[in-house]
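Below you'll find only one chain, the form predicted alone, shown as C-alpha cells.
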Amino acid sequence: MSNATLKKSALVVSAHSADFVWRAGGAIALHHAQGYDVHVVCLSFGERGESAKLWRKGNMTEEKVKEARRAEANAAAEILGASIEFFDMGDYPLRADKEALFRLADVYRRVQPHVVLTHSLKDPYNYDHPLATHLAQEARIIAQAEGYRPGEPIVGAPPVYCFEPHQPEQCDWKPDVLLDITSVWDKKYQAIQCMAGQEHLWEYYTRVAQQRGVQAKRNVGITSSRDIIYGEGYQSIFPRVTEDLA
C-alpha cells in the first residue's frame, strides 16, 4: 500500500479566525506531527465581535480588521502545520445560506477527513459557535450523500469532536476525551501569541491547558510514568465503534 493511501487528514471548522488556535491548536500540531494533513476552515474573521483591541486603535475599518485577523490566523496555522481557508461569512451574527453549506460540503469531499473538530453544540454566550457546529454537521451529512454531485467520492463517517467552549458548564459541554498535547505545547503557545488582537486570552488558555493536563494525568493514573503537563478536552458527538475497549 502506498504512502499516499495511508495518509490521513483532519478538518477543523472554526467560527472565527482565532477559535481553532485557543481550542484545538494542540490537536492540530499533534496530528500534523503524526503525519496528518490538517485543514482549517474559518467561517469568519471575528471582525465585529472578537477584535475589540483593533477597533480601539481608531481610524479602523472592517476591511482593515479582516486583513489583520487573516494575517494572524495564517501565521498561527503555519506554526501548527495546517492549511487554512476563509469563508468570510461575517460574525455577530454569523449566518449561513445554502451556498455556504454546499461550499463546506465540497471541502469535506476534497479533504476526506478522518476526524472533524468543531465547536460545542450549545453556547449561550456566542451564537456563532453552535451555528458553526450545526453547519459542520449538516455539511458532513451532505458530503455523505450519493446524490450530491454524483460521481464524486463521498465522505465516510468521520468522528466529530466538540472542542472546549469558554465556559463549559454553561454550554452543557463535558469532555469524554482528554488529549495529551504536552509534546506540542510550545507550538500551540507560539500560535496563541500570533493572536495579537486577543492578548487577554493568552494566559487564560494556558491555564485551561494546564488544568486539562492535570486531569489527563489523573485519568491515566498518578503513578504512571507518563508525564502529562498540557491537555485539551473534547466531547464526542457519535459513539466510538471498536473491537477493543482497553
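Throughout, we count residues from 1 along the sequence that is shown. All of these numbers come straight from a predicted model, not from anything done at the bench.
Just so you know, the form predicted together with another copy of the chain exists too; it's not on screen, but the next bit is about it.
Asks: Any of the heavy atoms of residue 40 lying within 4.5 Å of another copy of the chain in the predicted bound form?
Replies: Residue 40: no, not in contact with another copy of the chain in the predicted bound form.
Asks: Please determine whether residue 86 contacts another copy of the chain in the predicted bound form, using a 4.5 Å cut-off between heavy atoms.
Replies: Judged by the heavy-atom cut-off of 4.5 Å, residue 86 is well away from another copy of the chain in the predicted bound form.
Asks: Might residue 114 be said to contact another copy of the chain in the predicted bound form, defining contact as any heavy atom within 4.5 Å?
Replies: It does: once another copy of the chain is placed as it appears in the predicted bound form, residue 114 has a heavy atom within 4.5 Å of it.
Asks: Residue-level contact is defined here as any heavy atom of the residue lying within 4.5 Å of another copy of the chain in the predicted bound form; does residue 30 satisfy this criterion?
Replies: So residue 30 counts as contacting another copy of the chain.
Asks: Using a 4.5 Å cut-off on heavy atoms, which residues of 146-183 contact another copy of the chain in the predicted bound form?
Replies: Counting only heavy atoms within 4.5 Å of another copy of the chain in the predicted bound form, the contacting residues of 146-183 are 146, 147, 148, 150, 154, 155, 156, 157, 159, 161, 166, 167, 168, 169, 170, 172, 173, 174, 175, 176, 177, 178, 179, 180.
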